[in-house]
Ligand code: ADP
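Let's start with one chain on its own, the form predicted on its own, as structure tokens.
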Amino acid sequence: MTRAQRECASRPLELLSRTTGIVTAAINFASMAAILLTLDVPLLAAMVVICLPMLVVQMIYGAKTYTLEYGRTDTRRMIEILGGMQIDRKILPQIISFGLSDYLFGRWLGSAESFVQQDVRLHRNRTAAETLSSVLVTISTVGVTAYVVYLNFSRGLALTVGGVMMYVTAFGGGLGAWQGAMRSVTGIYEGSLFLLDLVAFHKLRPVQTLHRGGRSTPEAIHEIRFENVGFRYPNSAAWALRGVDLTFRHGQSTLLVGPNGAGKTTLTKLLIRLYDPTEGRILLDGVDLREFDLTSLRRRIGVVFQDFLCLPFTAQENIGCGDVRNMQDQARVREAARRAGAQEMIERLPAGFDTVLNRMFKDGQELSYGQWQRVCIARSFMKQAPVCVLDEPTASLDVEAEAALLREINRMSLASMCILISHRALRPGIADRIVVMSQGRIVESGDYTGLIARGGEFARLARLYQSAEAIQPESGFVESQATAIMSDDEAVGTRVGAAP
């Protein structure tokens, strides 16, 4: 995809220009050939043959250029990533604090030098080969001059000096036109090689059936049921989910918990059909999810992922993107911001909701990670979808903002289907039902009181969350498990001991 994107901007126009060049060269060649035919046919044949070495050289090196570019895709990607990291102000503090500036610059410079050296070698060899073929053309021109003079005397043509020069000039002009045509042909060949990536990209087919124009997703969703769902990511032999049987209902909130890699986020990706199950099926009010129109399905499900989308737009637009059709509805945008705890913060910005949330623009402002998280949660609330999925919605919030948001989620779940994914919100009343996942499977399910009384995996996780001893290095097992279920700030104890 990257190669196709890089080449599709210039190559088609280049092919058009090359095609036009062939037509122009053909007209010039034909006019010069007509003059030469009045003198001698072998001159015309010589003009064609002399250019063949240049044609061969250009086609060979056109293929070598493509092969080189194809083979160093990873090198180019590394150069772009390392170069971008060193000017990204969000990453720079970490680079400086770890003393990585010289190391990263060295890695970038090494990759860049290797890249340039490969180009130099290729162009040096190509130039040498093309120079040799050009020397052949020059020698041939001298030879043709001698041949025309020979014909003049051998056939008694009585050509003047001007006549001899006319035929020599015609030969040179035809040769130049033929060379131009050969360059255009080889340019088309080389350009076509690069466009193979674009052709291959267009031949790719989605692994899922999109069913655009399928049945419309109902505005009110009563039940979503996973039936023996299993899923493996493309090109992976490991199961991200296996044997999942789970039902979500309207008016019910569900908390998914478990260590990193348990399959919680994967489950939400299946829900909005970023992927389809490898086995089993997902039913929405008894109908397979794949039967619904994809656009209407995603309009009914609001999702906030851990890696939320930060757009270089105004605060109004960032929140309004949750429902583009009502983006200019200021009352609705402000209500969504209020529910997410973002309204007061946005109103303190220089231009309030009209402030651009990116410092790269004039009068733009940058938000902290926690502030961005509130804006993105507000975007989800703006959607007013009957199904709301929040993946680690409180990971970057302070204690007060976290409590306010959890109260709002509880209120929202009374009128919708709410799915909450969290490592740390292990407290009574957080959700109507708690589902514990591990290694892609459901290991426990129930309410908070019942799971604590059972003394199983959830009870163990809850104890780790609530106990300050979870960060003490007295038990390697406890320490590793605590680190697995807590976010980075919790792992250093900033939020351990919060009231359940």
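From a predicted model like this one, the values you see are computed outputs, not experimental measurements. Counting begins at 1, following the sequence as shown.
A second form of this protein, the form predicted together with the ligand, is not displayed here; the remarks below concern that form.
- Only one of Phe115, Tyr233, Tyr189, Phe201 lies close to the ligand in the predicted complex, with a heavy atom inside 4.5 Å, and it is Tyr233.
- The listed set Pro277, Gly341, Gly263, Gly320 contains one residue whose heavy atoms approach the ligand in the predicted complex to within 4.5 Å, identified as Gly263.
- Interface residue remark: Ala240 is counted as part of the site for the ligand in the predicted complex, having a heavy atom within 4.5 Å.
- The shortest heavy atom separation between Gly110 and the ligand in the predicted complex exceeds 4.5 Å.
- Contact annotation for Lys269: at least one heavy atom lies within 4.5 Å of the ligand in the predicted complex.
- Gly172 falls outside the set of residues with a heavy atom inside 4.5 Å of the ligand in the predicted complex.
- Annotated contact segment (heavy atom within 4.5 Å of the ligand in the predicted complex): 269-277, selected among 156-164, 269-277, 325-333, 117-125.
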